[in-house]
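Coming up is one lone chain in structure tokens, specifically the form predicted on its own.
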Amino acid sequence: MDNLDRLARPEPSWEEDRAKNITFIVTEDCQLRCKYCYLVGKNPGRRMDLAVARQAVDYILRERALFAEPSVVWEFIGGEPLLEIDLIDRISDYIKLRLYETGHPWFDSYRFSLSTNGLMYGDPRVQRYIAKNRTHLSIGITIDGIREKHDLMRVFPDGRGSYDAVAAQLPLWLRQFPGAATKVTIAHDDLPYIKDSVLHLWGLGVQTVNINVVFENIWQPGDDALLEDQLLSLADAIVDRGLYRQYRCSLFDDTIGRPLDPAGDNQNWCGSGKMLAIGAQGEFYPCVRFAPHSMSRQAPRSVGNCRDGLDTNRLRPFLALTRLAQSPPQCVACQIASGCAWCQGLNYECSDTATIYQRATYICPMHKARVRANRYYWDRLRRKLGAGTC
């Protein structure tokens, strides 16, 4: 069914599998204290200096053999990156200048990317930056769904919810980035709000809702049943109302829930080690989850710095990561293993011996619940579409 195939395929990202992802951790500060945030060491003290950023850019553009991808995504992250919008603006200008001066292949194939809590989106400085870089820019605003869910988790330091402040920015954002997606995180306490939150976000005009459950060890007995119940109800609403024609939710994916294919399913889940995160003092990390403000049990894990360059010996273990190398036998033999995710940084954080090769499997029951709900959803959708008409 051509229509079903179209609905089942996830939306590809820009230059998917072709772009190098390079992340500047411009600040470790944030206005919010989201209860599920993995950044356990938020602080106002560490911010990136422009000189550090320039040195990192010069090294990356000079070492074309190490950064040989045909395209690049320059990502700015925090904490909350828009707290440093002036710095981001100057870094972006420097990147564009150096791409031109060096005749770099990325000059015609780059993108700037930011994910923000949205609180500063309407700031005139942010709007000037958007206007200047609009044709090479992606911005995502994180809003968690209905007010009850959002304000349960995404709170100011004094405990106040941030829904009203964030929702006020959505109309401008969606006018400027009409195809933009939001990212929703699910933890134990907000499981009852999943269905209503997805429908609410679609109603606000956000056509693509990307959702993930937290990877940490926070799940309680019965949470998988709650997740499944919410997804079954959401599936009924999508199919009965024909919402699949216009909207997407990443929890429904027809590619998950199959046995592993030894020939094609042995890659690492994420890009840890293939991407590059740059800390405030110019340290290089395999991703932001290995930076100091992400760590509570283990030491940060650097793979070089902007002065001395990449340390290939420290980077090599990350490049050798595969699914089979880090998964326990029961995961390899699992009959619904495809699509079951993990976080490399959490694997390291939770490991017994500070290894990146010990996979954390706390989300196992939640993945199984998702697979059951997916089978229900796709079966209902196939029967409704029949001969392939939407």
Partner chain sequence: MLTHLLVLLDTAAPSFCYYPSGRGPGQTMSPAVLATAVAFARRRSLALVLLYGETPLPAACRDIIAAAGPAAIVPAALAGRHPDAVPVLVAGQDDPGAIPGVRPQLIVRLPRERLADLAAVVGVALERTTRLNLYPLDIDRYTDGDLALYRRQLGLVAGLLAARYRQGALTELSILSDRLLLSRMNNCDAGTVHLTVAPDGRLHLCPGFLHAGAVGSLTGGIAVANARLLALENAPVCARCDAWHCKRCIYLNRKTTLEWNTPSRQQCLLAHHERETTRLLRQRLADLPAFARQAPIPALDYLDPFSQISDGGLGHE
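Numbering follows the first chain given and starts at 1. Since the structure is predicted, the reported quantities are computational estimates derived from the model, not experimental observations.
From this point on, the text means the form predicted in complex with the partner chain, which you will not see here.
- Of the residues 233, 250, 127, 312, just one reaches the partner chain in the model of the complex with a heavy atom at 4.5 Å or closer; this is 312.
- Interface residue among 40, 325, 341, 364, judged by heavy atoms within 4.5 Å of the partner chain in the model of the complex: 325.
- Contact annotation for the candidate site: 255, 270 and 385 all lie away from the partner chain in the model of the complex (no heavy atom within 4.5 Å).
- Heavy atoms of residue 358 reach within 4.5 Å of the partner chain in the model of the complex, making it an interface residue.
- Although the partner is absent here, residue 301 is a contact residue: one of its heavy atoms lies within 4.5 angstroms of the partner chain in the model of the complex.
- Residue 50 falls outside the set of residues with a heavy atom inside 4.5 Å of the partner chain in the model of the complex.
- The shortest heavy atom separation between residue 317 and the partner chain in the model of the complex is within 4.5 Å.
- Here the chain stands by itself, but in the model of the complex one stretch of 347-355, 24-32, 333-341, 53-61, 347-355, has heavy atoms within 4.5 Å of the partner chain.
- Taking a 4.5 Å heavy atom cutoff to the partner chain in the model of the complex, the one contacting residue in 250-275 is 274.
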